[in-house]
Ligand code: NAD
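So this first bit is one chain, no partners, the form predicted alone, shown in structure tokens.
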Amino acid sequence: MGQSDMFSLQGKVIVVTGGTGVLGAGFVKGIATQGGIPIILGQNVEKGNERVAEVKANGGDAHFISVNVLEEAQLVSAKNEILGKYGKIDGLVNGAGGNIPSGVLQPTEDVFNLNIDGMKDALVLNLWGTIIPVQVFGPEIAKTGNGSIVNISSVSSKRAITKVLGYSMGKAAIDLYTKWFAIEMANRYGDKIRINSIMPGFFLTSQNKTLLTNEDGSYTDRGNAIIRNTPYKRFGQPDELIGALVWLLSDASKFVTGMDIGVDGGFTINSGV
């Protein structure tokens, strides 16, 4: 393999859950740019079809399937559809997840009166919304002999970030799951399948935009606090996750498993002093 081919995803069929989201757009674009075939899973049919059209307009191939990642039967149906169309699955990007309002504790709320159901819902979405797709697609990915799974962690699993307790617990659980599952898969499949995660810093998404910015585009107090504690003094752009994603999906990372790759502008290493 020549050095120029190390990061190629040419012909690889890669499932992207949450592929209709803001960060998902970057994932789909990155995979397609490197010659991969992104299979976009999500619940926004209009956005999913738009992204397929964008990839195809640029000479690539993509496919959209409307799926709720918490519904195993829907994922199994999607798997069968993908295998019927492409005959294999080479990789999985677990982009589905995010914060939900009922999993948030506001500063004015009683810390001893948590919305337990809301916290559970946020935990389930982020953790089981990652584990269930791995259960469904993992065996097919292992069959390729060179498969890769990429989970999405968060800086909120490393540092205490106020308000977002349910989300943070879900992402912290993903960190342990990624390490644990990497070892268990290696014990059974050797180096035929690997699992890693990307740890994004703060990116403006549909879920956190109202928390971080005002209607006029200026930063909220929370947004300003994040910028103040991010050495690069800005939020991330979705395309800035592409490099780490392509590396983890490609042959360039064949000896990497169980790792968490930070893309956070220095947020988690900053003491604030």
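Residue numbers here begin at 1 and follow the sequence given. From a predicted model like this one, the values you see are computed outputs, not experimental measurements.
One more form of this protein exists, namely the form predicted in complex with nicotinamide-adenine-dinucleotide; it is left out here, but the text below deals with it.
- Each of Gly95, Ile152 and Phe203 is positioned with at least one heavy atom within 4.5 Å of nicotinamide-adenine-dinucleotide in the predicted complex.
- nicotinamide-adenine-dinucleotide in the predicted complex comes within 4.5 Å of a heavy atom belonging to Val22.
- Under a 4.5 angstroms non-hydrogen atom cutoff, nicotinamide-adenine-dinucleotide in the predicted complex has Asn208 among its neighbouring residues.
- In the predicted complex, nicotinamide-adenine-dinucleotide lies within 4.5 Å of some heavy atom of Asn68.
- Within 4.5 Å of some heavy atom of nicotinamide-adenine-dinucleotide in the predicted complex lies at least one heavy atom of Gly18.
- Only one of Gln43, Asn58, Thr213, Asn49 comes within 4.5 Å of nicotinamide-adenine-dinucleotide in the predicted complex through a heavy atom, and that residue is Gln43.
- None of Leu105, Leu125, Ala172, Ile131 but one reaches within 4.5 angstroms of nicotinamide-adenine-dinucleotide in the predicted complex through a heavy atom, and that residue is Leu125.
- The candidate stretches are 81-89, 96-104, 142-150, 176-184, and the one lying within 4.5 Å of nicotinamide-adenine-dinucleotide in the predicted complex by heavy atoms is 96-104.
- Shown here without nicotinamide-adenine-dinucleotide, the chain has no residue in 172-187 lying with a heavy atom within 4.5 Å of that partner in the predicted complex.
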